[in-house]
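Here's a solo chain for you in structure tokens, the form predicted alone.
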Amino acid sequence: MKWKRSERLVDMTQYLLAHPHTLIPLTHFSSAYDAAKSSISEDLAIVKGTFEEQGTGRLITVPGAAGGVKYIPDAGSKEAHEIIRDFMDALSDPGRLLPGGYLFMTDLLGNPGLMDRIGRLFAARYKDSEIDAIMTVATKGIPIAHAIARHLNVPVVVVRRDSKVTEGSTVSINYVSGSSRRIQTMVLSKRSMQSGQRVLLTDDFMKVGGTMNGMKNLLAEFDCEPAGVAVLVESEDVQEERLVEDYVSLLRLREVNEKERTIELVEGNYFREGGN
């Protein structure tokens, strides 16, 4: 079958989007489409220009016999503002208020379209950080972790509160919950991590940062290092000193008034250089 250029461009774009942060040899495309490398190079130049014009991401060319092309997802400032505004509008609904001033977020975390957009935002922010894995604590952080991992093309590591027989040998630590000041336990399978990995930590909500600090301590047990902290929502009402200083958030919860049934949210620090 002889592919037309228009057909190659559609299929090639789909393949690149499905394989972010992956070096793809030009021979892969030339064999798949039965086309000369010169034609493939011209096709990639068109895709590259479109990606950059639309703010979809970058297409990096690696020269040499072992080279190829690599798609790096990105998000422009306008798109990022739109995604954060959409998330803020959805979360500001007074119907989300729960007793104790908590917010119902389960449906948003289960929205694949929204999570994919948010995952690309965080992936864009950490695209040059050489991330090896995404770590989160079960259960609400799992959809966010998978969304980010999909755009960085790295595995997800899920920390649990108790040991499961299916996890095999585990490492456990005790940590102090930042909000309740209670001693809690984190457990992770010994097979989950490799020494020396750089890990992005993520969760849906952060107040003082006790959970994030606990995950950092757990990483040290595996001789791994934190490469960043990404949270959907941070709390502004923090009575104690925050345990995590360097983090990136999409939204900041400024105030919750149960009596008036109002929720005040503002943009987080996503657009600040280096986060907090």
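Counting begins at 1, following the sequence as shown. What you see is a predicted model, and the numbers here were worked out from it, not measured in a lab.
Same protein, other form: the form predicted together with another copy of the chain, not shown, and the subject of what follows.
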### Message
Within 4.5 Å of another copy of the chain in the predicted complex - does that hold for a heavy atom of every one of Ile131, Ser163 and Pro226?
### Response
no
### Query
Of these, Ser235, Asn213, Ser249, Thr56, which has a heavy atom no more than 4.5 Å from another copy of the chain in the predicted complex?
Thr56
### Query
With another copy of the chain left out of view, which of Asn217, Ser41, Thr61, Thr50 would have a heavy atom within 4.5 Å of it in the predicted complex?
Thr50
### Partner-facing stretch of 6 to 14, 21 to 29, 251 to 259, 264 to 272, counted where any non-hydrogen atom is within 4.5 angstroms of another copy of the chain in the predicted complex
6 to 14
### Message
Taking another copy of the chain as it sits in the predicted complex, is Pro99 near enough to touch it, meaning that at least one heavy atom pair lies within 4.5 angstroms?
### Response
yes
### Message
So, Pro73 and another copy of the chain: in the predicted complex, are they within 4.5 Å at any heavy atom pair?
### Response
no
### Query
Would Lys78 count as a contact of another copy of the chain in the predicted complex, using a 4.5 angstroms cut-off between non-hydrogen atoms?
no
### Task
Although another copy of the chain is absent from this view, report whether Gly95 comes within 4.5 Å of it in the predicted complex, heavy atoms only.
yes
### Task
Taking another copy of the chain as it sits in the predicted complex, which residues of 116 to 138 have a non-hydrogen atom within 4.5 Å of it? Please list them.
Asp116, Ala138
